[in-house]
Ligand code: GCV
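One chain is shown next in structure tokens, namely the form predicted on its own.
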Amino acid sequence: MDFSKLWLGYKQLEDCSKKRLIISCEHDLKDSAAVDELKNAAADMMPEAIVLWRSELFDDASYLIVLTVKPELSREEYDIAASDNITEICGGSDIGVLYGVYAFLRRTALEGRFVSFTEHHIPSQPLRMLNHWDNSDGSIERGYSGNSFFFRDGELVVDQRTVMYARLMASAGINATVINNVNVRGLAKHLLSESYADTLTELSELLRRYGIKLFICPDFAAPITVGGLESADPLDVNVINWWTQCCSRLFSSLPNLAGFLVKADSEGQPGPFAYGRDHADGANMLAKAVKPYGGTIIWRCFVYNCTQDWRDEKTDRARSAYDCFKPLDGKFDDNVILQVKNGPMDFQVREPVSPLFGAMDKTNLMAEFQLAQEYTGQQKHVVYLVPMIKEILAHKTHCKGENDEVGKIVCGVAAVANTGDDHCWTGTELAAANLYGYGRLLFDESLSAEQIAEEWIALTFGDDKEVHDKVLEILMESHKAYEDYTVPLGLGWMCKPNNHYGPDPWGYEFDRWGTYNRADRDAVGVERGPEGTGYSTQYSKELADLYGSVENCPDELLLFFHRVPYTHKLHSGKTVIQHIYDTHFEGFEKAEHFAALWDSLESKVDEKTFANVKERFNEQVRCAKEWRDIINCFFHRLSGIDDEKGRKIY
């Protein structure tokens, strides 16, 4: 099995009686990606068939596919009418046709033969983005799948792997990508200069062909670092003119450039604060520079005080995004989108949904997730993230009567990519389920996480029922298992500083980045109710009442919102301390179970894949045991309360 193709590695159809695949389309589509994808798929599905274009020869030995652009459909919309011998795929543009082709091929691959069906679809989210944290030296910040395939030794690269990337992303429904790190470093600053001009044009055109808009991350201080000015003040006329000229050159040479993603005044990155300006001043200055070209500025809301004093019980990192951006609601230009992390902290395995969703009804928002498993096992542990993403998009903000779910409030969704240049793209083959599932969910939010997992398993491993059932069980139970053996009841963090891997209960507790558990001999948790930091009051009344009360707060978020004694009883009936003990034992046992399930598939999965995933499971079990023993021992020593089941707590 060629995992470089991931879910596009089609197998031969059960019925290979068709000797000819005839593609009929207008001349404008003949050289399109849609036709190429049909040809690529035919080579695998119908290896002995002859592919013809607009042939007059059609009989029972032929299969006809008619591709048509219908302007009355929206750009990404498509219609499919398929039968045993002929399929018509209509789209609102060549990209709509391409999405229809992928849907047809996916259905055909899952069935193993040509079948009759009809399908009509408009993507659920208009902007479906991947954020790559790739650096120009070839490294990837928080990258767990090898090095960058966009950059190598300071050069921007376009090759066959980049082509495969475009195919894979388009097939999953991704329509925008950011190719460089939001923490702009080194030569990546020269994306704004002419250093990468020719290769950037080639990459932009490749992505355009597959319906993927190109975004880049500029250095907010580029007028200084690239332009040689003395200031980057967004209200300085010289700075404004520099950006205007820069965008004129960039957008004229890159018709597929859709805009910039900007991290400013965050974790040491330059921004408007240095000049006494606010984020609206900074974002709007750039928005005006890109507006003549239909460009968009995506402005990250990950702004907080990263030099906190652990003794300060009022400064709360969770409050930061809301406190900074809520007062600016309505002040951003219409081509600015604020990119809001799914939770108020930083991609933890469990945290509440950000209160900014629903709080800024005069501002364009998009949600940000992290497929790169920075805090969820770094692609050494299996953690299927699609159920969590779906749950967050369905979260009701109670900001208005109807259509108040996060997925209906936002105008797009982004995720930090989990790809690299290793043999299977995502470090472990099972992590590709997150990449595929993320795109499929945004393209069709009516799908369940389980349906998406089943699709991915069948497209990746084939139709063996034992493989299907066991891999599905691993995926669907993986997020809870990881949460169980790592961080309890919404605390977050408790990991080793800097690399964020493995347990360290006080690793961040006395650190400048924030304070997250405040555990002592009597109690644990951070008080974020009205009598604490007041974070819970940032939500609508319904959610503020839910989270602000110890009695009402959901168990899984209790210690995020409240500081309680170890003997406090959860809604489950267990005490906090017993919940911690039980879940850590249960989570470790589940990790062992996952490893055993995978071991049982040795004869049914190709040797290279089996060995790679087995190695990861060995590490997951080892690390889960460390989490179990260190976290349980930590709380046992603090509380002095024994496990009521008599198990050994080291």
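Don't overthink the numbering: it's just position in the shown sequence, from 1. In this text, all values refer to a predicted model and were calculated from it rather than measured experimentally.
Another form, the form predicted together with the named molecule, is not on view; read the next lines as being about it.
The chain is drawn here without the named molecule; in the predicted complex, the stretch among 479 to 487, 424 to 432, 99 to 107, 372 to 380 whose residues come within 4.5 Å of it by any heavy atom is 372 to 380. Proximity of W133 to the named molecule in the predicted complex falls within the 4.5 Å heavy atom cutoff. For the chain shown alone, F461 is not a contact residue for the named molecule in the predicted complex, no non-hydrogen atom being within 4.5 angstroms. Among heavy atoms of K470, none comes within 4.5 Å of the named molecule in the predicted complex.
The named molecule in the predicted complex comes within 4.5 Å of a heavy atom belonging to N181. This chain appears without its partner; in the predicted complex, the one residue of Y293, F117, F302, Y275 with a heavy atom within 4.5 Å of the named molecule is F302. Screening R528, R209, K263, R167 for any heavy atom within 4.5 Å of the named molecule in the predicted complex leaves a single hit, K263. Residues from 484 to 500 that approach the named molecule in the predicted complex with a non-hydrogen atom within 4.5 Å are limited to H500.
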